[in-house]
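Next up: just one chain, as structure tokens, the form predicted alone.
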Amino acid sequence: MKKGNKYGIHRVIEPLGVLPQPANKIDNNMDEIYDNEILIDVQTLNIDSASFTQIEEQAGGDKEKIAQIMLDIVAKQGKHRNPVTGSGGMLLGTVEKIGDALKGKTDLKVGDKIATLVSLSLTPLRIDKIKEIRPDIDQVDINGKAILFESGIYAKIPKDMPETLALSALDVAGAPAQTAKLVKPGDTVLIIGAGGKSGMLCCYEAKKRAGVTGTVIGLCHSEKSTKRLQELNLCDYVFAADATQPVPILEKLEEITKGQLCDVTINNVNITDTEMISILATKDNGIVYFFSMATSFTKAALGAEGVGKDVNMIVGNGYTKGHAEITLQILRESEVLRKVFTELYA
């Protein structure tokens, strides 16, 4: 077997010298793997929410056009990195082959079912056939292969829950895990996009960490998601509003917090132009965590400057230590959340 680079630079075709994620094209030839790679027989792609929303809008909701757009992306780049959003997603599959250099150094074995916890935007991917598209949960079943690099992280699919349930939660594992790190007892926390997949998990974790002295506020978009979140009883306040219109939301938050605003704001939405409400809602020296891949960090930085806000803004790193375990544990701890996730995603 050929010797590979830990970070997968050996797969980069253009431009040479960069890492696989920013590369315009990578090698997705699966006939021969390098000595430090893991070959995966892919079952399902869980497309990043911002990416799938953009593709679906571009295709006008037509599944055949969605499939063609995805095939074109992979044919051009050797991976699934949305050229508009820059984001990817993750996958579910079975370990087919392990490179010689990794044998004895990984807990994986051939036949293990895993979810990759690195983005499809850097993962060598070959799609042989798109079998089914499930737009309501951003999942696409395929026949295909993928490569996990030596530096790549993954989670074995647990035995105590359905594969699609675990996949849907692991796709957004970074958000609730980062929430667990950021929220302290007594904090006032705003979750934007609280009625979505990552939002509901963040609400649970924020409530757990803020405790009885804290306040969790859930901002939803639709009446349906608002009602669902209210019934889950994960927040102290839940309301629906258009997050791209910051002024009325700010007035509502000032009323709820008696002018104090929020210690921590978590942005989980999959649409653009929600940076300003995230910033305005947060008190000076507070924290804004942009988990959303639809975020423009230029708009966020210049917007905060423009309104004179001294807030700590965190880029939505989808990885933090223990994020898979934390997220799956939420579904084990919360019977109501698991029920909702099973109905929506499994």
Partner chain sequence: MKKGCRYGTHRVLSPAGTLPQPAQRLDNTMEVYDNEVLIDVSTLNVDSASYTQIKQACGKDAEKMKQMILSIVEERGKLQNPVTGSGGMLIGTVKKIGENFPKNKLKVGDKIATLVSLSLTPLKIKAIKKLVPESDQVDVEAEAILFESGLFATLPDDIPEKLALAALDVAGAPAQVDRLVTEGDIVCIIGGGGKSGILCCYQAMQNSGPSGKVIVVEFSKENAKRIADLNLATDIIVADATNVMDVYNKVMEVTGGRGCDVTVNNVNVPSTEMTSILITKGQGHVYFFSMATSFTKAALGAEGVGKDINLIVGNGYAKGHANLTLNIIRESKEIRELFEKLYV
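Numbering follows the first chain given and starts at 1. Just so it is clear, the model here is predicted, and its values are computed rather than measured.
The form predicted in complex with its partner chain is left out here; the points below concern that form.
In the model of the complex, its partner chain lies farther than 4.5 Å from every heavy atom of Thr342.
Remark: Gly196 does not count among the residues lining its partner chain in the model of the complex, judged by a heavy atom distance of 4.5 Å or less. Not displayed here, its partner chain is kept clear of Phe52 by more than 4.5 Å at the level of heavy atoms in the model of the complex. By the criterion of a heavy atom within 4.5 Å, Leu39 is excluded from the residues contacting its partner chain in the model of the complex. In terms of contact with its partner chain in the model of the complex, the residue from Glu57, Glu32, Glu64, Asp284 that brings a heavy atom within 4.5 Å is Asp284.
You can rule out all but one of 65-73, 23-31, 39-47, 285-293: in the model of the complex, only 285-293 has residues with a heavy atom within 4.5 Å of its partner chain.
In the model of the complex, the residues of 6-30 lying within 4.5 Å of its partner chain by at least one heavy atom are, in order, Tyr7, Ile9, Gly17, Leu19, Gln21.
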